[in-house]
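A single chain, nothing else alongside it, follows as structure tokens in the form predicted alone.
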């Protein structure tokens, strides 16, 4: 463990109340009340400061990854995750820690200001310590935001791949946007679950909203068709535009065993024929 000879532990022990008060006032001057209430900010600040003061007493000021700083890291991790959902920026999140520099520097000047060398050493130690903690909050915040974005993307993909029942034994899966591997997995899972749930015999996969079809997209479609067949449902692919047909032929993708149609209406008509159903026009009386 990296132990640093510093007067900081003694200063925090003797002036903790004053430093905490100055630090909270510093935060209140730059915080956004609409993002976090003052009572919540004070509670977080008091909790962090108590953990910070206890960790400093260990003398391990050179490395915050040690066991002495475990409770501080845990608290900052929880706070950073919370800031992710509250709409804070990485800078605002790190400022929670970095704003403690001002009251600590002020107290250091009062305690050791006459000794320039000692003041420089103490300032450097405090700067390094709080910078490490500030960077830690930023790393946790960014990871939390990435996880949040990933979950939102997952939700959006699930919402953008609805499976609807058009008729008895007939399902439709309209696809809009790019069809990549991750989305294909969701498409396949949603379709298979719906087939099991409804016992449908026909599934129409409509790619009218898919901007381009390349070899990878075609392979994804064929995998979905194959999975549906294993569950006992035949697939019809609709939305085959002229340019898509040319692309599929040019790529040499084999769709001979799959029924394809230009429009969803045409595919629906084929599906009705396959299921023995029909729709007729009402006769006028």
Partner chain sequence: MDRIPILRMSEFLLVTIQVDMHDRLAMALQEDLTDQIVRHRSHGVLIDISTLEVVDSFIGRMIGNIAGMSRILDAETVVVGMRPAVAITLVELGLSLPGVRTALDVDKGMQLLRTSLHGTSNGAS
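Rigid core: the largest C-alpha set superposing within 1.5 Å between the two forms. Numbering follows the first chain given and starts at 1. Note that the structure is a prediction, hence the values are computed from the model and not measured.
Form predicted together with its partner chain: not shown, discussed below.
Of the candidate stretches 121-129, 73-81, 196-204, 86-94, only 196-204 has residues whose heavy atoms lie within 4.5 Å of its partner chain in the predicted bound form. Only one of the listed residues (40, 30, 245, 226) places a non-hydrogen atom within 4.5 angstroms of its partner chain in the predicted bound form, and that residue is 226. Contact with its partner chain in the predicted bound form, judged by any heavy atom within 4.5 Å, is made by just one of 152, 106, 165, 185: 185. In the predicted bound form, its partner chain lies farther than 4.5 Å from every heavy atom of residue 67.
Taking the partner from the other structure, its partner chain in the predicted bound form has a heavy atom within 4.5 Å of a heavy atom of residue 231. For the chain shown alone, residue 192 is a contact residue for its partner chain in the predicted bound form, at least one non-hydrogen atom being within 4.5 angstroms.
Taking a 4.5 Å heavy atom cutoff to its partner chain in the predicted bound form, none of the residues in 133-149 make contact. The Cα shift for residue 188 between this form and the one not shown, taken after rigid core superposition, is 2 angstroms or larger. With the core superposed, residue 232 shows a C-alpha displacement of at least 2 Å between this form and the one not shown. Relative to the superposed core, residue 130 shifts its CA atom by less than 2 Å between this form and the one not shown.
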